[in-house]
Ligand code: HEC
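Consider the single chain below, provided in structure tokens and representing the form predicted alone.
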Amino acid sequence: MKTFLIFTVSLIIITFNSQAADLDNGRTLHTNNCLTCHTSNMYTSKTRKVHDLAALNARVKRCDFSLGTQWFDDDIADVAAYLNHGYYKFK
């Protein structure tokens, strides 16, 4: 029974971690793609257009489409998480 409990908890942790955003991937994608058009000043500007997490995700999706990068949904989530973690700090 104890072994089963340890296995179950481990499986839950692995599943949760595999769904978490990969900030390193987000940083790499951002550096290699987003900075060709944007500077990091736009994320801290008082006139920025993004005011919540949903808008941030939508903006990253729009940029993905505009650049034709054809990122997977996980890549879009990684970039949005990286930007949120480093600049926006939305909850």
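On a predicted model such as this, the values are computed, not experimentally measured, just so you know. Residue numbers here begin at 1 and follow the sequence given.
We do not show the form predicted together with the ligand, though everything after this point is about it.
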Inset, instruction - Report whether the minimum heavy atom distance between residue 27 and the ligand in the predicted complex is within 4.5 Å. - result: no
Inset, instruction - Consider residue 83 of the chain shown here, and say whether it contacts the ligand in the predicted complex, taking contact as heavy atoms within 4.5 Å. - result: yes
Legend entry - 4.5 Å heavy atom contact, residue 53 and the ligand in the predicted complex: no
Inset, instruction - Find out whether any non-hydrogen atom of residue 20 is located within 4.5 angstroms of the ligand in the predicted complex, and reply yes or no. - result: no
Legend entry - Within 56-73, the residues that have a heavy atom no more than 4.5 Å from the ligand in the predicted complex: 56, 59, 60, 63, 64, 66, 67, 71
